[in-house]
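Take a look at this one chain, the form predicted alone, written out in structure tokens.
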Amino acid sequence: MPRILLTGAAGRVGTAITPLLRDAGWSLRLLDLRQPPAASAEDEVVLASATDQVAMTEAARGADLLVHLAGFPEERAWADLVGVNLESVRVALEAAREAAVPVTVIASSGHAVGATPADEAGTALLPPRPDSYYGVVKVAGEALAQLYADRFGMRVVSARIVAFDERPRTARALSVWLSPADLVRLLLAAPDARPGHVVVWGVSANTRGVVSLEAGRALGYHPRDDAEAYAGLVAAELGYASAADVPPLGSAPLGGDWADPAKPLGRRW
């Protein structure tokens, strides 16, 4: 049975996908500072920091896929983001190298390009245009992934996850939603990655989609879920008469209100 090392397993994303990965037939090694709420008796739990090189390297031994989700999920002080989010990416890549893990998936973010207008986001690979310190650190994480791929011949996938949730809840999410099931489909496609580093969008097959899923499809990621199935519900919750009345993103920043100049850099909002 293939084994996944999942860091940040007690977080919102890790909790949502753990049972889906288990159901897909993977053996799970779940790493976090606290007990992952979705862990079962058949899972292996490692209580450790994702910035602990010794613990991470040991946890990576025997893994067929390392999925790195650990880190602060929001804007923080620069030192915190560098010390945790960026350092944990370096540690994860070094652990994967040392333990000879075949493939590593790093959770990047749409905020790495969040200042890009949505109507300019359709190219296969957008250049960095972060909307926050958080986004800058995600860009740096992608650069680290490229370094390790080039220097050591590793296979690394950076997944630019955007609006991950059980269902879309905002007008923006109708275009950039990622379902838990589709994230699992992306992760299970990763073992087929060729040597090198590839950046793919962590986005579902949304009717109103604004980003290119070409790189993901080349990897073997074929999302099935569509935010449009929830468009009527989202419209009602936002006070629109119908789904057709929900306005498109247009030239709004891909990162949503994270790109608002009124948002202070380096502080939790």
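Since the model is a prediction, treat every value here as computed from it, not as a measurement. The numbering used is simple: start at 1 and walk along the sequence shown.
The form predicted together with a small molecule exists for this protein as well; it is not shown, and the discussion that follows is about that form.
Undergrad: Is residue 40 close enough to touch the small molecule in the predicted complex, meaning at least one heavy atom pair within 4.5 Å?
TA: Looking in the predicted complex, residue contacts with the small molecule do not include residue 40, since no heavy atom lies within 4.5 Å.
Undergrad: Using a 4.5 Å heavy atom cut-off, state whether residue 70 contacts the small molecule in the predicted complex.
TA: So residue 70 counts as contacting the small molecule.
Undergrad: Is the gap between residue 243 and the small molecule in the predicted complex 4.5 Å or less for some heavy atom pair?
TA: Looking in the predicted complex, residue contacts with the small molecule do not include residue 243, since no heavy atom lies within 4.5 Å.
Undergrad: Contact with the small molecule in the predicted complex for residue 139, defined as at least one heavy atom pair within 4.5 Å: yes or no?
TA: Although the small molecule is absent here, residue 139 would stay clear of it in the predicted complex, with no heavy atoms inside 4.5 Å.
Undergrad: Name the stretch: of 58 to 66, 231 to 239, 205 to 213, 25 to 33, exactly one has residues whose heavy atoms fall within 4.5 Å of the small molecule in the predicted complex.
TA: That would be stretch 25 to 33.
Undergrad: Of the options 175, 179, 108, 132, which one has a non-hydrogen atom that comes within 4.5 Å of the small molecule in the predicted complex?
TA: Contact residue from the list: 108.
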